[in-house]
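First structure 1, then structure 2: two forms of the same chain, each alone, as structure tokens.
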Structure 1
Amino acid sequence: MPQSADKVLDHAPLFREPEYRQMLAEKKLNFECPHPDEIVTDQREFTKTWEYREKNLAREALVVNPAKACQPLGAVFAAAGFERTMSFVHGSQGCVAYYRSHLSRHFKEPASAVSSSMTEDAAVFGGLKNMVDGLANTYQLYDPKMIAVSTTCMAEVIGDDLHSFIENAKDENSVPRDFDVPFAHTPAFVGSHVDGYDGMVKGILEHFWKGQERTQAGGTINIIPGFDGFCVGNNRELKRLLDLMGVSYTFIQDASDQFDTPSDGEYRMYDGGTKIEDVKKALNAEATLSLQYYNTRKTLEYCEQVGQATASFHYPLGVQATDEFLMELSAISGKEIPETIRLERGRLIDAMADSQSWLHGKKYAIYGDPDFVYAMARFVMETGGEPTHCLATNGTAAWEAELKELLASSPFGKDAQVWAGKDLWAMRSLLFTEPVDLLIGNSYGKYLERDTGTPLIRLMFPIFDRHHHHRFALMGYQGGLRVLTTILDKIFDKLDRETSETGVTDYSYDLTR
């Protein structure tokens, strides 16, 4: 009997015990009707070939292990970045359970959102009644300052009109007439979570800005972070930099406190977020900057329409991206970049110089959201690495073109390939046929690590199987240090592992590296 009270074995060691190994072997043999081992091995080896890769990349309809989620997730994340705002997702209720779980698993934090719980009858007659009752219940139970409405694909397919539904609900006193209920249609069959983010932020801005007079306040800047699993670390780091510069700024959408509440005995359903008063005033800002262009295309268009100057970045991470971001801030605000920040920059460069021999020529596969992939590819090249495969399932043709231009600008990008719209099963073929040293992505990449042996570095949402990474910034020079250290740790750990066999490889098991 393998189990004992003294040393309790859970699943990982328990099922390696002989009793269980034998039981599972017999189950397979007697009851599973498996394919012969030889056939399985042959197929496994075949999936590593160029021939399989060609078939795999030629897929037109089937999607396997995509690196993207659907629009409403982005909308729910966006709404979480505003003061006392409850997300209300109109449509089927299971979706909301999924968004909440997904966000909680990444942030290890509560994630609140409600559903209008539409079922078959609403599919036939529309979900107006659900909206009317639902808003009343949400308003009364959860005491929000704002309810942000988005949609599941069910409500989109049957064509529910959020604007008129919300007006109707107000007519029926579900919420007070002047209560803020911004909305965004977020069909899951268009774009991805980054577009849902875009739609919801735009919906909120339109709700507060429409019909208002703009009186430009010179030098003030709005900052839209975009969908960012590292918002907790990043937003705080960016605010520190902005404060150091003395810039007058407003974060539009800031979930850094909402997804990082303290444990002190009190459950805070709402915490932090952009104040509604600040959203209103933000209309007057001279400029709106987006930290992730592909998360904010429509929002930026709208900001331009109201008369603001706009600028956008691709997840300002690494040296030159941070340089550009700070210089743009400086140009708009008229504030100089202080010496302390220049010294910080110098420290990042110092670290990169110290470690360059370990990074130069390393090959990477990078996947994730379009702006993140762009940023990582750029930083990798700054360290002398080669971004061999750059993949974004939700990357567009425009993204592909822009990234190719970046890659062409550096000798380290000359062999790089860009894969817009491809999934992680495609990545599996790429890693087998054109291997790299390191894989940068999220937790889903662990299956690629297992199958191909490529070490995985988790730097993007969602990260389910490692804790607290999102609490540290990736953006800015400080963030650059964090990314640099994370990559180096992975390289050194691997090297130590490969050289640790006593009397065989441990001559290379160097104390100093």
Structure 2
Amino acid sequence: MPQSADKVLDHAPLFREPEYRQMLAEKKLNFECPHPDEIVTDQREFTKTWEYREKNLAREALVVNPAKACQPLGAVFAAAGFERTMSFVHGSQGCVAYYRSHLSRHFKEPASAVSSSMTEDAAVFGGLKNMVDGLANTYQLYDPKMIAVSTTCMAEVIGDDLHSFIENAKDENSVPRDFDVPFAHTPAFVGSHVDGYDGMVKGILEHFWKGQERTQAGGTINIIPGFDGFCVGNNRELKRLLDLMGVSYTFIQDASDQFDTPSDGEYRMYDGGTKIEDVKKALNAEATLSLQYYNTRKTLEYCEQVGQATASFHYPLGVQATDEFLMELSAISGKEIPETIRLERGRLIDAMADSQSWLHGKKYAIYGDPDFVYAMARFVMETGGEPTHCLATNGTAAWEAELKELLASSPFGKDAQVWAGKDLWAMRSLLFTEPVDLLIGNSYGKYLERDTGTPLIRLMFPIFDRHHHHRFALMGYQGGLRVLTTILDKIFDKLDRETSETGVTDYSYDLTR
């Protein structure tokens, strides 16, 4: 065998060794009952046609590779953005392992969450005992300042009532009567992670604000970032801009430190997050701004109900979107936008102009969460690119109409197509029948890249196969510059690959571009 104590191979070269190639070939032949190669080839080619595309897009009863996750994942992420908060998921251990692994693989950080460990007996008799014991264990073992409870499919199907269960658990002294245990019902079989995020943030605000008297503090603003895999870089960049303007603000749900702890010999189960006292005081803010509308619809409604002004954005990325965000901040706070920020805007525009000849006319396919797809399509058009396919599996009819209106406002969006509710198997058909230059999404797009040859740019959660992207901002003018550079690098890398053959194509293998 090629592997020995003196020759230890990584898995990538190991499985290319002759012995493994032979083993895998025999496995396929003897155990996989394969169809003849010509039949497989014919079928593969058929799936690249317009005829198959029409059948594919007409699918209603089957979803293949949706570009979304389930509600409880969003709730677990939301809870991580509050001070010393342990996420408690009422459901099975396997579900919680998925949420933790999804977050830890993206952020390369531990993602703490506990489970009520519901099994077959709880599915029949209800999960009250699991809740009573689980809250007691969580309180004693992990020393949280708050426990945020959400649910999985099992708890929702049998109809467990979180409010009554938590009250019963307090009656049995699982946690002190005055200990904070906000909750949100997050059925995983409907909606997506953005709905779970929304439900949990609303649940936490309602827990602290309900029944309290509000005294408005003029010029103060709450900022809700939304579910964001780039929260580490984005939140810090946004705070920098807010501090430069001198705005009085509270970041509601700030996971930037929780998912970026230092390696200094001390393990931090909890780090950073919005302080509980600040959450309570946030009731008095003049306004609450959401950076991602489709992540916070219920939360914004609740903020309006308590008397706050509200405004929302679609992921302020690029020139115009950042302009609108900063001008809204200025209008509410009464603070001027300083010259420092104005210069950053000019530098982004200068960079876009410097690279315009390489960006103009490039066609893009974009997929991900509704607010991100909207923001990315808008920025692409600012660079002279054409967002040909815009897909959000968790997009609504309202999102589709809003994005179509944006695309119609620019000549670069006139041929764009918007796909709400479609999945990545549908995107595959779109890429084969109407090819584009670049694909923008998350790590799952690498299979589309391999299959269709469309270069993938990873700018959306989750990113599993690349490291540390989340540490850099996408929002604001500086974030826009980062996105611009990322797109250009992909364009130039592709051009270098296509012109690198010595004596054949290398007359365009240029040193200066």
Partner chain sequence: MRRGLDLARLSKNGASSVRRHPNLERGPMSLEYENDGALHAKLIEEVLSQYPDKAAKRRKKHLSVAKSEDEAGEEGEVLSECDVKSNIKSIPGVMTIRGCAYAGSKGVVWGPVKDMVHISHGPVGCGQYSWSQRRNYYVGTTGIDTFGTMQFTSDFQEKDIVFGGDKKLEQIIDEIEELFPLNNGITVQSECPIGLIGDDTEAVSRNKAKEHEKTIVPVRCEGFRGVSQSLGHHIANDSIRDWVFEKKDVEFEAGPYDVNVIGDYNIGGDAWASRILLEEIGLRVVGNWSGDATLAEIERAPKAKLNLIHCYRSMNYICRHMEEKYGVAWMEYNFFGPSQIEASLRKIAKHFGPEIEEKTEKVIAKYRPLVDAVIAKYRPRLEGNTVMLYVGGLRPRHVITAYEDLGMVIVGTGYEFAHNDDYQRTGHYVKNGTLIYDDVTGYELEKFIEGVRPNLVGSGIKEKYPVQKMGIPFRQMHSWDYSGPYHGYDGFAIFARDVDLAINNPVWGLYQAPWKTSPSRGRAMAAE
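Computed from a predicted model, the values in this text were never measured in an experiment. Residue indices: 1-based, along structure 1. Take the two forms, superpose them, and find the largest set of C-alpha atoms that agree within 1.5 Å; that set is the rigid core.
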property	result
Structure corresponding to the form predicted in complex with its partner chain	1
Rigid-body hinge position between structure 1 and structure 2, taken from Gly265, Cys33, Ala58, Thr215	Cys33
Rigid hinge motion between structure 1 and structure 2 - rotation in whole degrees	12
Rigid core fit between structure 1 and structure 2: Cα deviation of Met23 in angstrom	4.4
